[in-house]
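Take a look at this one chain, the form predicted alone, written out in structure tokens.
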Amino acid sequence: MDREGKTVSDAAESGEKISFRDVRAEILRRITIGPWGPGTLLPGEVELAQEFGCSRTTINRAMREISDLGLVDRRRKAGTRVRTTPLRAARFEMPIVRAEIERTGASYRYALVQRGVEPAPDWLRAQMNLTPKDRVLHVVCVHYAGGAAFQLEDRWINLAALPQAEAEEFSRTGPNEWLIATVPFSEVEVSFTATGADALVAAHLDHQPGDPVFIVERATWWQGAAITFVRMSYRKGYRMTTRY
């Protein structure tokens, strides 16, 4: 239904332009209210495009977004079927540390610990599928909340994919903000772990060597090219929450 109470089919018959959002809303309505209950095989894209008076591209985009919600199972040659049990996916933002800290009401401060260009170490080449010739910019910095160390950022940037990073000093602004503003990403891998604090963490966070520390590791790619790998260690008491 649209805001005037008409269905998308009604709008199509009256010659109104149909967007993928209109199609998505109507398909979601039919799945959640009826008649397309769990297990229903949905009409094909050609049939839906004819019904709604729009292109197959519009139908395909709407279906992709509904599939991303975990409500339908799309398979080549087998069609699209409403899932018996919807999938739930936890979604994590690509956060800016400054904004995360300032949302708590605390003041933010940034400090660069070290910066240098070096050959990609063996473990990073394996992690990011780099070659022995690839160079990386290695940056270590600390983000503070209200005067206390909040996060230690230990980051490697692939200079083959992002050569302009070599000219950045990162003395006032961290690589976290610069990367988000500079390059998009098409693939992300995130890992969570708890391990004993090493010498680097102990030196910059409120930890003793060997204390348990919460760590998030994140690797990003853009169209198959490795962009960056970062290891973020958090101060004691940090909590990460997601909603799905």
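Owing to the predicted nature of the structure, the values given are computational and were not obtained by experimental measurement. Heads up: residue numbers just count along the shown sequence, starting at 1. Note that the rigid core is defined as the largest set of C-alphas that superpose within 1.5 Å between two forms.
The following text describes the form predicted together with the DNA, which does not appear among the structures shown.
- The listed set 103, 172, 133, 76 contains one residue whose heavy atoms approach the DNA in the predicted bound form to within 4.5 Å, identified as 76.
- Checked against the DNA in the predicted bound form, the candidates 195, 55, 40, 32 yield a single residue with a heavy atom inside 4.5 Å, and that residue is 55.
- Taking the partner from the other structure, the DNA in the predicted bound form has no heavy atom within 4.5 Å of any heavy atom of residue 221.
- By the criterion of a heavy atom within 4.5 Å, residue 80 is counted among the residues contacting the DNA in the predicted bound form.
- Interface residue remark: residue 21 is counted as part of the site for the DNA in the predicted bound form, having a heavy atom within 4.5 Å.
- Residue 26 falls outside the set of residues with a heavy atom inside 4.5 Å of the DNA in the predicted bound form.
- Only one segment in the set 60 to 68, 187 to 195, 174 to 182, 204 to 212 has any non-hydrogen atom within 4.5 angstroms of the DNA in the predicted bound form, and it is 60 to 68.
- When the rigid core is held fixed, the Cα atom of residue 145 travels less than 2 angstroms between the shown form and the other one.
- Relative to the superposed core, residue 216 undergoes a Cα shift smaller than 2 Å between the shown form and the other one.
- Fitting the two forms on the rigid core leaves the C-alpha of residue 200 displaced by under 2 angstroms between the shown form and the other one.
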